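Given as structure tokens, the chain that follows is alone and in the form predicted on its own.
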């Protein structure tokens, strides 16, 4: 059956849990490419020096080869697109550094894609002066009330300086307070 290998690639991908990837199957991917090349050669030989208007077995044979090429191409593109989507989600769910078990499932191009994607996200966050990875759920208010747990001292936050002494309360931008909260130096004060 034509395009069976391409369909098997997609079945491998769909058999994984959501957000997970099977190891990149370069052998099967290359087999599909070679199958496309063979279909292309067959297609070219059938239409070479033929009258296009005549509907004979060569016409229908060339049509089948052409449709097989298109189906293989669509399957390969779907395979790569789905893998790219999952790789992008790793940046948001796992972070900049991928664990070894995930890296082993990616080919070299996909690893480079992940690095480039991280670079673009980091550049964008730097240009905005905003860390998009802090809150995956948008906060209701960009400012929060915090209580200082340990003596921090004088700190410059954006356009002003604040003295953060132990047990003092402040109304700060969430992005400014997140680093101190994650270090355990402050806590969000909820009334």
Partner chain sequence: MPGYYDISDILMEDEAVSVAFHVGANGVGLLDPGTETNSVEKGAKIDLPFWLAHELCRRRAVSITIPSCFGQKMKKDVQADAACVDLGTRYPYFYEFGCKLFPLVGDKSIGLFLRHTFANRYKEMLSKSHTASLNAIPKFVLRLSKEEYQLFEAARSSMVEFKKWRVRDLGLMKTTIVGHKRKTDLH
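The shown structure was predicted, so the numbers you read here are calculated from the model rather than taken from an experiment. Numbering follows the first chain given and starts at 1.
This next part talks about the form predicted together with the partner chain, which is not shown.
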{"property": "Candidate stretches 162-170, 27-35, 123-131, 66-74, one within 4.5 Å of the partner chain in the model of the complex by heavy atom", "result": "66-74"}
{"property": "Contact flag, residue 16 vs the partner chain in the model of the complex, heavy atom cut 4.5 Å", "result": "no"}
{"property": "Contact label in the model of the complex: residue 115 to the partner chain, heavy atom within 4.5 Å", "result": "no"}
{"property": "Partner proximity in the model of the complex: residue 96 to the partner chain, non-hydrogen atom cutoff 4.5 Å", "result": "no"}
{"property": "The partner chain contact in the model of the complex: residue 84, any heavy atom under 4.5 Å", "result": "no"}
{"property": "Heavy atom of each of 89, 143 and 181 within 4.5 Å of the partner chain in the model of the complex", "result": "no"}
{"property": "Heavy atom contacts to the partner chain in the model of the complex at 4.5 Å, residues of 5-39 in sequence order", "result": "7, 10, 11, 13, 14"}
